[in-house]
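There is one chain below, alone, in structure tokens, taken in the form predicted on its own.
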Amino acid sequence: MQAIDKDTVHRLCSGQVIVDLTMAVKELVENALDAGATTVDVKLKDSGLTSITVSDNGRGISADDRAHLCRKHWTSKIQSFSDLSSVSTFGFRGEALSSLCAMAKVTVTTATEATAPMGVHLEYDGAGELSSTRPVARERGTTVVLEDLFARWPVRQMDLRKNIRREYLRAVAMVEQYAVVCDEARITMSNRNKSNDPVVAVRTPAGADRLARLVSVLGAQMRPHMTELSATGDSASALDLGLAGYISKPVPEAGRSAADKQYFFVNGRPCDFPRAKKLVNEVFRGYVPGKYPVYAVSIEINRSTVDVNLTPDKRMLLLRHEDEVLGLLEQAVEMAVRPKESVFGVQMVQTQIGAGVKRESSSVPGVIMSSYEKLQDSTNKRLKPLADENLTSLKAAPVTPQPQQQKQHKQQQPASVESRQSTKKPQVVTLGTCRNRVQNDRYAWDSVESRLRLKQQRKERLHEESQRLILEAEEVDPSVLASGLSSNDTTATSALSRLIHKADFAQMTIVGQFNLGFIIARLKDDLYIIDQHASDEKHHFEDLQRRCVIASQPLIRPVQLQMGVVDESVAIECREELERSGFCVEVDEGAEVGERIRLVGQPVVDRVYYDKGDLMDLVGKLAEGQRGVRCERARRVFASRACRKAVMIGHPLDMASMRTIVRQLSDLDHPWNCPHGRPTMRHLYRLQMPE
């Protein structure tokens, strides 16, 4: 063995610190904020391929520190390992600038308060050593310029050029997090391509509060949909635990189709917190299934209980009291998204309860009386007289009528009707989507919460019991063991996905049809049962997804869209995808960022018009890198049509038809499930071949 030379060690270690464009921008932004900057300006040229420039108005670099600035493990933030327990800066290892020198050409321009407006221009070589200096004019602060990122790493540079748009949007998303959490700093980010003016991607308003910063990132359309959350831990505890932030309200229009705008900050540091993210998503999706919330949550906790030195990017944290943090977070999220009360405006209907009783008018503003009266006339013919007195004895929903209303209705009720209806079950009048008995009721959500918690506890006990029975089971079906599958469904699915590939469908031999609904196919020594309807349905579904162009209805008056920077950039880049789905947009390059897109045509399917919510749902999927996708509403339409068009259960098939259904699965992107989630196939049996 022999020791690796110093230059090789430097390049190997640097390659683990700076792995992509996002990491390079992140380290420079953190250095600017650690220097006490109140203004940070990030400028990219050609999305970062040509250069990255980060300027700030911080303290600047003193003359004594300039020679050591880019040397490995030189830092002013800690002096010993014990300082980690109280570190309050973003960086502390002293390896970012040194690693950047190995990845790109680094130049620094800086001036301190004592030397401004006279500054100095510094150039560093690949090893982080100062190679040249010259005086320049510069106000207090520092400017760091990176040129030709990954020039000495050809594979990474080729990958960066290939995926530059994706990498640029990731860098923007990272800067957005610092723009939200750094209340004292004004952060801007812009990009300039070869023939265009700079395009501002991030800009936080000066002196803005946390909500205004969050809205500047998400888009102005999210302001009315955000609600505050906060909680404080036990005052007697030494954790000093507390959290605050904002989360979207539990309504469909406030949710997103992807979990991309979700920010956690621990002691002011942006971080990845998988367990907390899962917890918040589960609580929110309990109220709005199929949607993900938007939130920014700041957690403050005793620094000595947090380990930030886990990964090179310092985004993975280790919390000593993680369960306490999650418990407080669940409490805060529940209080923020759980409805406190429900207020209904009920349309009063005419009931023939006695002579001389006047018809009640609608209590809902904006009702067209002519249409409403027609609805009353048709409804009254089917309604029996109602005894308002019996409304107080309802046992179904926990409704508490207001005393004045109850007394008033009771006085209006004739005695003859009371005696005649006292033994009958009260009826419910339903008009539109409102089903209630008394106007402006207050629903007892605490009672609902207790029932839901009991239901959840029963579900958890059943799950634990089933897991225990699985672990205690000593005998397993020999056919399952022979196929290499576990009795656990998740493990079985994973094993099945490893067992075959899409191309194997074309190699399968058809054995026959079972029960007029399933195809039995053989691949080598294994038998598979294939759902003929689900398989054919998935084929038609993906064909519709790929070929169908949804008609667009031009709008007389274009609709101005307010979007976040990343969503807007994705929409501009994927205009063809939007037009295929019927969303026609115009781009005004001279408008402010976030307001450059106008909707000039919207899709219409089966006389149903899709709105801005469907557009944002589609943009969210495109932002994740998906292509050839549709908004959720269009996807449901395609799934329904594919289902009706597919071969049905009970339909006899000849060998040629069965062979076609099975082989066309090999051409699909995702042949394992139908659009509604039903699996297309299952492993049936492993044949015992004779020796």
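Numbers for residues come from their place in the sequence shown, where the first is 1. None of these values were measured; they are calculated from a predicted model.
As for the form predicted together with a small molecule, it is not shown, yet the points below apply to it.
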4.5 Å heavy atom contact, residue 267 to the small molecule in the predicted complex:
no
- Query: residue 95: heavy atom within 4.5 Å of the small molecule in the predicted complex?
  - Reply: yes
Residue 74 versus the small molecule, in the predicted complex: is there a non-hydrogen atom within 4.5 Å?
yes
Report task. Check whether residue 32 has any heavy atom within 4.5 Å of a heavy atom of the small molecule in the predicted complex, and answer yes or no. Result -> yes
- Message: Please tell me whether the candidate spot formed by 69, 91 and 142 is one where all three residues come within 4.5 Å of the small molecule in the predicted complex (heavy atoms).
- Response: yes
Picking from 662, 61, 631, 623, the single residue whose non-hydrogen atoms come within 4.5 angstroms of the small molecule in the predicted complex is 61
Only one of 646-654, 38-46, 52-60, 632-640 has residues with a heavy atom within 4.5 Å of the small molecule in the predicted complex, and that stretch is 52-60
